[in-house]
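The same protein chain appears twice below, in two forms, each given on its own as structure tokens and labelled structure 1 and structure 2.
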Structure 1
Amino acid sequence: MTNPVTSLVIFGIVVFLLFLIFYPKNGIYWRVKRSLEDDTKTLIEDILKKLYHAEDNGNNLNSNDIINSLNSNPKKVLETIAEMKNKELISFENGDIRLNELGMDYALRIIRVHRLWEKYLSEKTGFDKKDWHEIAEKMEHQIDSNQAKELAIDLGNPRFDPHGDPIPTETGEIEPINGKPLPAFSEGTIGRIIHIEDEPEIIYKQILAEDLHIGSHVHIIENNKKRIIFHSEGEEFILAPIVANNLTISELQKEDISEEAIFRLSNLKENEQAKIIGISRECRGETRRRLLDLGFVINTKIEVDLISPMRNPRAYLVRDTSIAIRNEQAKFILIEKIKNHAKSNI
């Protein structure tokens, strides 16, 4: 029989090797696969996207900026830029690279696929919000315009992606976002979140951790260089300006809304009664449909029925039936509390 120590060591080595090879993202297998796939087409498309976003923000990029912002071999990048110039996708202006009309069309096509795919992921799959961007980054190079068209039809020709970014049409038209970054508004403003930027990832993760929802109303309480405080759906949020900058807000007319009355269902206490005023746009796909089908629709009276031993999930009495949902879902259901003194005595 083999010596137990030897066999354990061999086993350990095999596990370690498998780990090295298949470790998510950085394993040897994935790297080799990526380097084999990393062809010129992907690189061209990535450069076009960089240029588009820079121009959209009013910045100019030169070849060095592009080399620095991409994770590829500099020599390859320079070669690719030269090739793009030959194909008349781009031109040089005082050392800066500009998109030609052809390049602009191409860039919009890629962005269209990216945003459509994010929309698809949000509506039809169970992938987590934080994974959408990365998956869409891969898919945008793999889908041609015919497939994109079919995808768009399947999704009902959406105009916006789940972050609130407009999806370019087939002909390359793109709707503008009518809003400004959150820090640009003064204290006391009431507005609505219309866009949440998902890049860079570090800041996006902070926004996700705060659990801010697109479409939510916000009431700015404090706004200075150090921090921004605002109220939204019965909760208070404190953000650093750099994080708040990635939230786009459109101002609401004062008479449009009585913002103070909106709460999330997760805030409803026992013995309180409320009326549903809607489901957040952040709640999508099958989950949203299921909630609607179960009667979580506008103007429905609702109260807490039972709380599970670990306080989550909670069961609510909706249309004479006790339905349990998790607090994570209850956050998406917006309510207006009904003041009822007689009830609070029970």
Structure 2
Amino acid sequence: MTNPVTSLVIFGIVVFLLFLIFYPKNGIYWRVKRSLEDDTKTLIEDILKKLYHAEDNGNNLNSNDIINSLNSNPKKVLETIAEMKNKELISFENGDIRLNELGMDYALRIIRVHRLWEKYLSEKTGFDKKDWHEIAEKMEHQIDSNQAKELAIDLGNPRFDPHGDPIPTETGEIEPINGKPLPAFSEGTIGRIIHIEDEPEIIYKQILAEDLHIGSHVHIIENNKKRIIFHSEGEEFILAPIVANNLTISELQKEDISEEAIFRLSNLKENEQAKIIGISRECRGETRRRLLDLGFVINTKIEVDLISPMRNPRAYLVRDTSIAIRNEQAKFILIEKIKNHAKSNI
């Protein structure tokens, strides 16, 4: 005969386990259920984004294309695609998957949140720009439309993200990018970088390593199948066409070319004097405020004062004050060199 005390203990353990599993909202069952729902939601949103970008570029995707582009279980992807069809987010056309109106609206909401987050990270935080995309990829699944609206208001309702991509409005309107890839222009063209594509990551990192910025003027010197050479802000850049294709350029007319002689302060040599004409749009947040507070403002004359043994940092004479900054900061300060100036040696 079973000991009553033992039966009571077993009963208590079972009740306790059931409590842990099915406790409202925070029980194991509900947490697992929410996790599965969140995984499905994230997968749906990732697929919608891929379909949107494909259609925006004039391409079509089928189920295999989506499976190969996602780091997810193929069976789960196929089940999710079927669920999306049942929800009328997508439809099939000759084997290709197309966004329906509901799917397009949903995709634009996700893209809006992603680009707002990249704008937030660039303006309000100290995160490196190489990390913006990855962080935004996670956050885009975590906030709703109301939170996105609050974020947009806090940022001043920006029209473009830090890469130059247009940010969809609440109603899904999106501005076109009025430019063409850099390789599409002929030698001698002068234009402005208006967009830097951040995918694929391997190419984006090459562009970051070159310190190319939105808003910079470029003057194309050579353009062929092997390489593209151009000048920008006093420096020469050599890119493979596949990399240069991720830079969108807006061609400038002669009357618009007022910054052809722009240089970066990091290029200023000893015995040269220059005038500050601005701070690159790439310089944001605390770094920008610090440079302005130090006196690096428009129309201020500047020259090299002292150079450290390792040539970084360098000290510049600004309004009779010697200010040392690193080359990584000096590259953001745009200057126009003053000709026929020689620094006096007293």
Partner chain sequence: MQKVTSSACEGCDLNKASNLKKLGINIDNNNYVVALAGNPNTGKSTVFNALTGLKQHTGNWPGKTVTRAEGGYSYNDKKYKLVDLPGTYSLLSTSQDEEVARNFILFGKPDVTIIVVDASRLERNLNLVLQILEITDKAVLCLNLMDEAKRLQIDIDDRTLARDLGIPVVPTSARSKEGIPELLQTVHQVATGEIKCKPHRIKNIPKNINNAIEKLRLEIETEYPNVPNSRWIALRLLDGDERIIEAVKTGEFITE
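Residue 1 is the first residue of structure 1, and the numbers go on in sequence order from there. As the structure is a prediction and not an experimental result, all values here were calculated from the model. For the two forms, the rigid core is made up of the largest set of C-alpha atoms that agree within 1.5 Å on superposition.
A.B. asks: Name the structure that is the form predicted alone; the other one isn't.
C.D. replies: It is the second structure (the form predicted alone) rather than the first.
A.B. asks: Taking the rigid core as reference, does T321 move its C-alpha 2 Å or further between structure 1 and structure 2?
C.D. replies: It does shift by 2 Å or more.
A.B. asks: For D305, state whether the C-alpha moves by 2 Å or more between structure 1 and structure 2 after rigid core superposition.
C.D. replies: Where the cores coincide, D305 still shows a C-alpha shift between structure 1 and structure 2 that is 2 Å or more.
A.B. asks: Tell me, please, whether between structure 1 and structure 2 the C-alpha of L70 is shifted by 2 Å or more, with the rigid core used for superposition.
C.D. replies: No: L70 shifts by under 2 Å between structure 1 and structure 2.
A.B. asks: For D293, tell me the Cα shift between structure 1 and structure 2 once the rigid core is superposed, in Å to one decimal.
C.D. replies: After core superposition, the C-alpha of D293 moves 3.2 Å between structure 1 and structure 2.
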